[in-house]
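Form predicted alone, single chain, as structure tokens, below.
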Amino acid sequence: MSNKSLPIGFFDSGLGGVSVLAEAAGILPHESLIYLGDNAHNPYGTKDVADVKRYSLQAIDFLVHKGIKALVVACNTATSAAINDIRKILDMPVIGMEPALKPAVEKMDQGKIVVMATPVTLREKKFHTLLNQYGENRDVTLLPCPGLVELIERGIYYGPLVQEYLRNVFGGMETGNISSVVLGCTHYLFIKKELQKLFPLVEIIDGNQGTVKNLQRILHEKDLLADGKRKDRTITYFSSGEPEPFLPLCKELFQYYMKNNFKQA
């Protein structure tokens, strides 16, 4: 098998990276994709950085042994904690995630920018470098969202419980001047509709498309884009923990994302 024909590997602490997987499936329809959800160690966002690094390295070892041509760290927390270590180890393209603060600053020239993310992402040096670079002269509010990942991991990504969570987490904030909300965790893409109901006039911004476009550009530069047809590609899911109900939820969320973001899905 040529390198071009090898799949692209994705991993996340659980279900969240499925949103990135689905974005890649829409933008790169010829590529075969492998997804690993590390649900045995979910969530990453409240754990020590050393543990997140260890779990991330275990995940990439699994994917590399499956045979991949590129890796997407489809998790903002794992990117913050482990991306430099991963790039030192792997001799292949490695693409990470970061909160889409730069697009938020460029799109909206005034108003408050709220960055929703896990506690680990918000306290890591990588994010604060990003904040210093793009948010220095803007009103940026950091909003840690403990418990939201766990809610989505239970398959609760719409309805009254999500609405109640969002009202509570935004409850102590002056919301009238919010111009944009940055989704700094790949899990949060699945509650985007509920967030839009709460803030119908606010721009909701995420980094999925930018991440996948970057992946596409790098694969093109390295002559690694697949030559096949859509019908030839495969999408395979793995879990590090109990497969039920995790793997069915992966497929459900994949279809949900595709339906809401790609007309042909």
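Don't overthink the numbering: it's just position in the shown sequence, from 1. Keep in mind that this is a model prediction, so the values were computed, not measured.
The next section is about a form of this same protein that is not shown, the form predicted in complex with ligand DGL.
Using a 4.5 angstroms threshold between heavy atoms, Gly207 stays clear of ligand DGL in the model of the complex. Residue contact with ligand DGL in the model of the complex: Val149 places a heavy atom within 4.5 Å of it. In the model of the complex, ligand DGL sits beyond 4.5 Å of every heavy atom of Val72. Although the partner is absent here, Ile191 lies well away from ligand DGL in the model of the complex, with no heavy atom inside 4.5 Å. A heavy atom within 4.5 Å of ligand DGL in the model of the complex is found for one listed residue only; from Ala104, Cys185, Ile95, Val115, this is Cys185.
Residues with any non-hydrogen atom within 4.5 angstroms of ligand DGL in the model of the complex fall in just one of 41 to 49, 210 to 218, 54 to 62, 26 to 34: 41 to 49.
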